[in-house]
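This document starts with one chain, in the form predicted on its own, laid out as structure tokens.
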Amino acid sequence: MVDIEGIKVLNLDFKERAIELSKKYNVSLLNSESAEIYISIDDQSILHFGKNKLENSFGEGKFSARITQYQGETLLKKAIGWQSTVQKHILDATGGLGHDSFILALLGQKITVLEKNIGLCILIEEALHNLPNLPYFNDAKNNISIINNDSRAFLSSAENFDVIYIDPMFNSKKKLKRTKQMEFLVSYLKEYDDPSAEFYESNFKRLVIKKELRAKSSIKDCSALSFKGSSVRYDIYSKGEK
């Protein structure tokens, strides 16, 4: 699987931060100019993949607008069975850029984010690290744990989570209009695979699979409940949920 060769420090003010990430994810600090796949650490950290670049910010861009309206995430709330007085422990089995996980954390849920690509893990880490020092952001950050691992390592412990959340991302064969971020991920994660079927066979309580609105279901189960929006839907399966 494609992953970063290491971390480059573009600004010495961020050297300690780069060392911290290097140690956590066991990747090298790079001095060479020859690397093609790497993270550059600066005011805005960037994942470089050949000539392509990917940024991930929770405070700027399109996603920031979604953050300001996070209480209005009605569809996502329905999908996880959200209750204002209950904190659920959610396993995000396909972390990606951590967008849905951060919204769920803002909604007071406890999130374990699994992402097997180190480059994407660091982009999530940096997006969280660069948030303003505000109480509701700090509370959300404290609700999130990021683990670099294949989600299948957690199949046997699925029952320990209230919700298993999966976003297969590339679940339509149609040539749909995609954002620049998604185009980058399609190219970068060529070997991406969907763990939905394996988790469906696990001893889960509630399994949520995010889909493009007209994409085929990952699981053939007539008992599935679906919540549909204008462009996406959530297919929900329950097994051991109370």
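Residues carry their position along the shown sequence, with the first being 1. The structure presented is a predicted model; accordingly, all values stated were derived computationally and were not measured.
Omitted here: the form predicted in complex with a small molecule. The next part is about that form.
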query	finding
Partner-proximal stretch of 150-158, 81-89, 127-135, 67-75 relative to the small molecule in the predicted bound form, 4.5 angstroms, heavy atom	150-158
Residue contact check: Q109 to the small molecule in the predicted bound form, 4.5 Å heavy atom	no
Touches the small molecule in the predicted bound form: L189 (any heavy atom, 4.5 Å)	yes
Residue contact check: G119 to the small molecule in the predicted bound form, 4.5 Å heavy atom	no
D193, heavy atom within 4.5 angstroms of the small molecule in the predicted bound form	yes
Residues A93, D100 and M169 all lining the small molecule in the predicted bound form, heavy atom within 4.5 Å	yes
Listed residue (L123, L114, I164, A140) with a non-hydrogen atom within 4.5 angstroms of the small molecule in the predicted bound form	L114
